[in-house]
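Have a look below at one chain only, the form predicted on its own, in structure tokens format.
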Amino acid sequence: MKIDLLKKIPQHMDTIILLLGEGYKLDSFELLPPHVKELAEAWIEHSNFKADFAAVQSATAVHKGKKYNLIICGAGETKAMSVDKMRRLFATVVRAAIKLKAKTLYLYQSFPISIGEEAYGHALAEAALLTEYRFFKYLSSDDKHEIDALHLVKKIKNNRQFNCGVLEGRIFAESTNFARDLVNEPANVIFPESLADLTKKAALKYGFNIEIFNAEKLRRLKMDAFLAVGKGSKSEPRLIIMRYQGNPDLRNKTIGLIGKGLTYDSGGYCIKSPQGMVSMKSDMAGAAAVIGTMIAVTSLKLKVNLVAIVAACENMISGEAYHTGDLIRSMNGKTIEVINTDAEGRLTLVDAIHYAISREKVHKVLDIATLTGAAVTALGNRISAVVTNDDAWLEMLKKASEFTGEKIWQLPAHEEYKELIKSQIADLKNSGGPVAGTISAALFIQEFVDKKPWIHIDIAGTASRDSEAGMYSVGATGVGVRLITQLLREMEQQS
């Protein structure tokens, strides 16, 4: 989709969008064709349209024998307009345009740009490209509708900043859509080896470094916790290591991103219900998030140093699968009693985290994972749970959350909760039971971060949607790509 500022008003417009703030006046649309203004005035009066936030109406009209669409959307009070509110407004009108099968959109806005031209362009591009996304790859009749162009019809102060924002927003959105594609693919297409291959292709295309370890290498590294999870599958595990050095002067300041990479999770011998297994192809959404982030960061050429690691495997049942009651040893030497074979993601994450700290020498760790059903119970599918040992770093993540609209909520990491993961026969047990499940899982991971600044993001609820809303279609959301990329932008500015 082309997104730009309109330089010349054509005689015929496919689809016209009017964004109306409180107390709007149609006279403020000096570039709006007279016949459209007349239609809009009559329509607004007839329908008693109120410019409430995201209230939208659409219709089709004819002028000089040519059909066009008119979409009117309320913006509510515009003085306190945020980047996220603008993004949601844009998503509302783009979704309305898709329903009308519109091809070229002309966007008029009755109120001034109060968030800055760069942020405005960023939000516009993100909303347009994320809202248009659908995963129709395997439909024999492809119903996907693509919009050719979105033109902003407005005089703005700084065209260069607007265009820069559009470029950045496009990178954020396309990286997120890449992650969405990975998560939406079925498990017979995305498995450890194919995920590693696709990541290698992305590394070659976007320019970050990659190294992939096979099972034999993992055995030599004594990544036994990770290997235990994948033992039941015919598909061999893969450790995918991605590196990007955007600031060579700060080689000792490398951030470790760890994404959970369970390409399918049956639950193992603690088997899930059939209904519970349907969505388990998405148990690698954390992996997709860090891969998408690497694409975004490389494309933006951010001045940060990153190592992103995915421990990719399947949790299946066979004569080789690990059992409840097993005692396994992690890469850092700590022993773990397996209480629940469906609490597998944390076992893969801790070996990946220890590798990042001990071999890659990262100084901060952020892990992202579809980790616990408890996170879904507590926060639903709109907010990701966060646990951390570094409040200053969390404040930066909160700022990134406000910009991207990917909401987070901090859960406590009190010492008392560590009682839940104490074992009588090992250093730790891999499940704390039915209470405080998100917290105990995070505290299990914290035992392996070696006191480094650490943030854990549980996206079990937010990784996918079962209905269309705003920028999100049914299926994968790509959550985490925009949030982490914006966090890294915040960190770049402070370095």
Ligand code: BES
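The numbering used is simple: start at 1 and walk along the sequence shown. Note that this is a predicted model, so its numbers are computed, not measured.
This protein has a second form, the form predicted in complex with the named molecule, left out of what is shown; the following refers to that one.
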query	finding
is_contact(Asp265, the named molecule) in the predicted bound form, heavy atom dist at most 4.5 Å	yes
Proximity of Glu314 to the named molecule in the predicted bound form, heavy atoms at 4.5 Å	no
Contact flag, Lys272 vs the named molecule in the predicted bound form, heavy atom cut 4.5 Å	yes
The named molecule contact at Leu366 in the predicted bound form, heavy atom, 4.5 Å	no
Contact segment among 415-423, 302-310, 225-233, 272-280, judged by heavy atoms lying within 4.5 Å of the named molecule in the predicted bound form	272-280
4.5 Å heavy atom contact with the named molecule in the predicted bound form for all of Ser175, Arg180 and Ala202	no
Residue (of Gly246, Gly373, Gly76, Gly405) lying close to the named molecule in the predicted bound form, criterion heavy atoms within 4.5 Å	Gly373
Contact residue in the predicted bound form, from Leu124, Val387, Ala343, Ala97 (heavy atom within 4.5 Å of the named molecule)	Ala343
Heavy atom contacts to the named molecule in the predicted bound form at 4.5 Å, residues of 446-480 in sequence order	Ala460
